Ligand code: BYC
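Encoded as structure tokens, the following chain is the form predicted on its own, with no partner shown.
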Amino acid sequence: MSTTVTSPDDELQADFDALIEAEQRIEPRDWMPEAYRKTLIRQISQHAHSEIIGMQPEANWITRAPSLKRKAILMAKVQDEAGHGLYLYSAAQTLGIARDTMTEQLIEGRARYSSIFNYPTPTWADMGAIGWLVDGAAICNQVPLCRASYGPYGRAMVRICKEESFHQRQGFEILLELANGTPEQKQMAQDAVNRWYWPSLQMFGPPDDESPNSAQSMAWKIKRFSNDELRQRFVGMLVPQFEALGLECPDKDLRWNEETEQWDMGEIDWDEFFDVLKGHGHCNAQRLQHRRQAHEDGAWVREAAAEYARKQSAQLKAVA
């Protein structure tokens, strides 16, 4: 008669699997497989880096926005993105990685961020296209993350998604105003949409059969939908919005498929996506250099904060 011996690790794995299956949250003090932890660190830190780098193309337009109202709205949006980075870095820290380590990985070029932020923003209409398309894609991708199996990540995403909805609306409003303005303004809006449409579709990641991490993330219920499912959902949301704006969709091959009841899209240039991802985009070097410079310029603030904390700690010890 044989007896099956269950190791402690097997029992922990079984408990983890049961929590995932039961749609329960994994919390920082819970046991988790190392691969799950590493996947979360990679995804959450990349998300945080994207928020921080994403401040740059819009911050450049704060002083050039066409009115005081637009300046104030854009400033609020950039401030939101800084906050999103803070929430996400804090969530990643609960997994045992230091914020300094994540910052070093970014400024040394060892960590990725969303390739969408390596494109230039030559006109005011780009602020509208980013808000409508880029933040719209972000909402479509991130709302399901509110139900992510890792508690700190899912809870951070709830507030982030609420603020992203404001960003998407302000982008749509900018484009709507331009599209109903002069012929030159409408053309500026169309040109911006033409440039940002395809990169926004690439934001969901490569096709499912070429995405190495997607299936496992879905099995762990970090992600809830595949890249292609999210992309299809996003395009379906855009079609009536194009009509409301009075702008043309850059995808001339976009057709409604009666059999699948989905939109058939034109070919996405994945060579461009991977080229930008490898660092060969229009603004890759510029974005990283700006982040490095900001980190170096802020060294005195970090040093002052550390010294203040040291003195406060010393005073508390003296009183005790």
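Don't overthink the numbering: it's just position in the shown sequence, from 1. Since we're looking at a predicted model, the values are computed, not measured.
What comes next is about the form predicted together with benzoyl coenzyme A, which does not appear here.
- With the partner removed from view, the residue among Ala138, Val193, Ile174, Ala156 that has a non-hydrogen atom within 4.5 Å of benzoyl coenzyme A in the predicted bound form turns out to be Ala138.
- This chain lacks the partner; the member of Arg112, Arg99, Arg233, Arg169 within 4.5 angstroms of benzoyl coenzyme A in the predicted bound form by a non-hydrogen atom is Arg112.
- Put simply, Lys186 is far from benzoyl coenzyme A in the predicted bound form: not one heavy atom of it is within 4.5 Å.
- Taking the partner from elsewhere, Asp126 is found to have every heavy atom lying beyond 4.5 Å of benzoyl coenzyme A in the predicted bound form.
- Within this chain, Leu145 lines the site of benzoyl coenzyme A in the predicted bound form, having a heavy atom no more than 4.5 Å away.
- Using a 4.5 angstroms threshold between heavy atoms, Asp251 stays clear of benzoyl coenzyme A in the predicted bound form.
- Only one segment in the set 26-34, 252-260, 46-54, 285-293 has residues whose heavy atoms sit within 4.5 Å of benzoyl coenzyme A in the predicted bound form; it is 46-54.
- Using a 4.5 Å cut-off on any heavy atom, the residues of 177-215 that reach benzoyl coenzyme A in the predicted bound form are, in sequence order, Gln202, Met203, Phe204, Gly205, Pro206, Ser211, Pro212, Asn213, Ser214.
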